[in-house]
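Below you'll find only one chain, the form predicted on its own, shown as C-alpha cells.
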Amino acid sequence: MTTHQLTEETQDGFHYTVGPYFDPVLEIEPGDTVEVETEDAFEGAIETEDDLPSEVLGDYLNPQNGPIYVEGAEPGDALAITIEHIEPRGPQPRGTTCTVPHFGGLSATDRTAMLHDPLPEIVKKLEVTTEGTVWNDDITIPYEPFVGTISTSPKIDSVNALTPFKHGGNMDLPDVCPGNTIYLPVEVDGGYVYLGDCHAAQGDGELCGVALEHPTTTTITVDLIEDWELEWPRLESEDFIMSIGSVRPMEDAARAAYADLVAWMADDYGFDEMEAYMLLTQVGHVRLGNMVDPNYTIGAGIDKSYL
C-alpha cells in the first residue's frame, strides 16, 4: 500500500463546506495511508491572547482538508478510516482555546436567544506537546488528540463544516482518536473524504464551544467496505463499538445513536432487536461529543465483551 502526503501546499486552500462540488485534491486506493497537515479551527487567525475572536474571526471557520477520492468507492459502500497518529505541528504556543460571543453551552446563542449580554471574550494560547498542555502552574492536561471533524460527502447537499449529521462532520467526538476506526457512508463515487479541526484534548460536550484547538499532522488509513449501507456513522475501538447520532434536541441524538446500535447488533452480531434493546438498557454507554454545534452529537456504545 502507498503512503501519501497532503500538505498545506498541495491542499492549496481549505474548504468550509463539505459536499460533492469540489475537485479531489488526492486520489488513493483502498488501504492507502495519508499524512494530512491540518490547520486549527480558526486557520491560525487567533495569534495572541490579545486577539478578540469577534474582531479576527469571520464567517469562515473549521477549515477542512480534502476531498480525498477513494478508488472503487460507490454509493451503498462504507469507508473505514483508521486514525493512526496525530502529531502537533507549528510554532508555539500552537494551542488555542477561547470564549466566543453568543456561542457555547452556557451562553445565549442565535438558537437560544436571551436578553443578557454575551459572556466576556477570553483567549488562552497554550504550548501543546505530546507530553501534554500546561494549563497553569498546577494543571497539566494530558495530550489526548482526536479528529474533531471528519466526513464523507453527502449525495447532493453542501453542508457547513461546523454541522455534524449522517455524513459525519463536526462531531467533536473524542473517540475519533489514534487506534480507533470510524465508518462513514459513501454517497458519491469516490466517497470524498474531508477532515480537519483536530483537538489536543476536550471534555465531554466541548462546553464553551472551543476545545484545545491545534494544527497537526494527522495520519489516516482508508479502507473500503463494499455493500455496507450506513444510516449513521459508526466507530470501533479495541474494546467497544459505537454508533453516532447528530441532531437536535440532544435526546433525539441519543435515540438515533442507540437505535442504530440496536440495528448493528442485530445485523452483524446475531442479536434479536428487542434483546439488544434490553441489554443496552443495562450495559450501554453514551459519549457526549458536542452540545454547542448546529446539531448535537451523541455516541452510543457497548463493550465487545457482550458481543
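As the structure is a prediction and not an experimental result, all values here were calculated from the model. Position 1 is the first residue in the sequence shown; the rest follow in order.
The protein also exists as the form predicted in complex with another copy of the chain; that form is not presented, and the subsequent description refers to it.
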Based on heavy atom distances of at most 4.5 Å to another copy of the chain in the predicted complex, which listed stretch, 160-168, 178-186, 85-93, 233-241, is the contact stretch? 160-168
Would all three of T2, P215 and A266 be in contact with another copy of the chain in the predicted complex, where contact means some heavy atom lies within 4.5 Å? no
Does the 4.5 Å heavy atom contact test between V34 and another copy of the chain in the predicted complex come out positive? no
Does S54 make contact with another copy of the chain in the predicted complex, using a 4.5 Å heavy atom cut-off? no
Wondering, does W135 line up within 4.5 Å of another copy of the chain in the predicted complex on heavy atoms? yes
With a 4.5 Å heavy atom cut-off, would you call E131 a contact of another copy of the chain in the predicted complex? no
Interface residues of 97-133 toward another copy of the chain, as seen in the predicted complex [heavy atoms, 4.5 Å]: T97, C98, T99, F103, G104, G105, L106, S107, A108, D110, R111, T112, A113, M114, L115, H116, D117, P118, L119, P120, I122, K124
